[in-house]
Each structure stands twice: as C-alpha cells, then as structure tokens.
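Heads up, the chain below is alone and in the form predicted on its own; it's given as structure tokens.
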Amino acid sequence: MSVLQVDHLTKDYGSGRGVFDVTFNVEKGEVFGFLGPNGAGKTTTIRHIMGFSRPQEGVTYVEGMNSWLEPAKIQRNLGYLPGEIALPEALTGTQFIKMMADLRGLKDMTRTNALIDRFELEPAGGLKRMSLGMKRKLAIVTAFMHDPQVLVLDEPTSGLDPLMQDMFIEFIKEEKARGKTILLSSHIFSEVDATCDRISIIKEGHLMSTFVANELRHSTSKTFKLEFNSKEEFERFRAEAEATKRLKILSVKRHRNQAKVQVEDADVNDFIAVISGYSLKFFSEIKFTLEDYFMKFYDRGGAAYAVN
C-alpha cells in the first residue's frame, strides 16, 4: 500500500477554483514533487491530505488511514511544513519549540538542537518581530524535530535566502537516504529537479502529467540550435529538413538564419552528417529541462512550429 494516496479528490470552490479528480500516490522512501504555480491547487490538495478539509468527492489516505477520519493519529508520525507560516505571536521561538516538543511528548532534544544549529535559527526572539526567513527556519525545525517518517512540505524554501535553500535541498537528500517518504509541493524547478523521484504537474486544479524524473532527464531525443552563414544555406537546410522524417523543425528565425530542430538519439549521427554539408555560424545542443516540460502545459503561445 502507498504511504500517501490521493484518490479522485475533488473540492470545487466555484469559478474554476479548487481541485478536480486529482489522483496520485507516494511510495515508501520516495520524494514526490507536486509542481505548479501559486493557485494551481497544491495547497488545497495538501490540506485534504492533512485532514484540514473535507473532500466533496474522493478520499485521501496516509499510511492506510483516512485523512478526514483519523487526522490526529496520522499526524503523530508526520511532519508538516505549511506554505503560509502562522505562529502564536505572544511566544518566543524557544517557547514555541518547547510547546511543540511537549505536544509530541519529545524529551530528547538532541536532534532539535542539531537542526537549530544547521539552519542557523535564532529562536530566542519574539515571533511577532521575527523575519519571514527566520519563521521559515523555525517551521522547518518543528516539522523535522520528532524525526517523522512521513513529511508533507508545502513551498518549503519560500522566504529562505539562496544559500539556505541549497542547504535545505541537501538536507532533503539526506532524509531521503534515510528512507523518509516526502511530498514536496513547490513552484521552484531547481528544488523539485534536485530532489524528486517522481513529479506531478498541476494546472488550475487538474493533474496534467505524472512522470519519473529520471526519464525526463534522460530523454531519447535531443534539441539543437543552428545558425547558417547565409540565407541560401538556411533555406536549403529548411527544404532538406522538411523532406526527411528524421528531423523535426521546432522553430525558425528567418531574419537570423536560425533553426531549432529535434532529433531522436538513434538519428544523431545521420543529423551530424547532414549538417556537415552546410556552412554554419554556430551549432549547439539545447538541454531539455524540467522547466521546458512544465511550460508545455503552461505556455499559452500555442504554436509548436513558430516562425519569427
């Protein structure tokens, strides 16, 4: 059985807002990326996983337990990092950490203190005056302090500086190596790409794609950008490319004599042989990234073959 399971989840807030028939699962020891911009439905889904909201349709489970029916039991072995940090302003950070430790029955503070040091948290100050970055660090410490086996992280690096973001990514990799099961919701491509085994892309409350991250990283096709030394060479290449099935022109810029083409791995040698017969100003491979794949679903430009 999957550690986290979202089964046909629907919550319609009207005017196209909410989540609609969302289904995915997270396996034990897996880091699962939930990728989409703000407002796409990530937090709504997570609120249902945590048992904070009741589904209109569908169900969510954590370790086989129904999120809505057994939230308290689920949260004993779960670490939750919310996207928006709301803390009791009357307390200091130190008092908040102690309160969370008492609620969890946590006596040994060795791990907590190590996390405080690692993330350079200064907990003594009052929460009311604490910066957003320091509040985010405090939330990270309290999410991980009891060493939970399941982690639900909603925009975990929001408010952190770049160095601390990198530190958090390394920390997630270490937790993954320890066998933790992690759902990581984010709109930051670099942190999803660096940590996740599988990824789902969500748009306007609908899942658009779920895929294995390594399969995207090791795509069976390559994209190249070429610029020809003359208009004649450019037009001759266009005619030859369109006559063959092995070259797919993705875009052209006539005024610059440029073309972007896609070639399957098996045909790369043939492609090199073809372009060796042309006079080129430059020729380079364009690496396909997670952001490129994501923009296939979010690019409203539309045309796959764009002529500029």
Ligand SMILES: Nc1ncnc2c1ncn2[C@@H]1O[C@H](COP(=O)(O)OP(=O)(O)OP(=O)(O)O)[C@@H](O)[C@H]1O
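Computed from a prediction, not measured in an experiment: that's the story for all the values here. Residue indices: 1-based, along the sequence shown.
Note that the form predicted together with this ligand isn't included here; everything after this is about it.
> Since exactly one of A40, V31, M50, V263 fits, which has a heavy atom within 4.5 Å of this ligand in the predicted complex?
Among A40, V31, M50, V263, a heavy atom within 4.5 Å of this ligand in the predicted complex occurs only for A40.
> Name the stretch: of 56-64, 243-251, 273-281, 31-39, exactly one has residues whose heavy atoms fall within 4.5 Å of this ligand in the predicted complex.
Within 4.5 Å of the partner lies stretch 31-39.
> Hey, in the predicted complex, is E155 touching this ligand, heavy atoms inside 4.5 Å?
The answer is yes: E155 has a heavy atom within 4.5 Å of this ligand.
> Just to confirm, N257 within 4.5 Å of this ligand in the predicted complex by heavy atoms?
Result no; N257 lies far from this ligand in the predicted complex.
> Although the partner isn't part of this model, could you tell me whether R236 comes within 4.5 Å of this ligand in the predicted complex, counting any heavy atom of the residue?
Because no heavy atom of R236 falls inside 4.5 Å of this ligand in the predicted complex, the answer is no.
> Applying a 4.5 Å heavy atom distance criterion, does R198 contact this ligand in the predicted complex?
No, no contact at 4.5 Å.
> Of 175-199, which residues get within 4.5 Å of this ligand in the predicted complex if you count heavy atoms?
Read in sequence order, the lone residue that approaches this ligand (within 4.5 Å, in the predicted complex) is H187.
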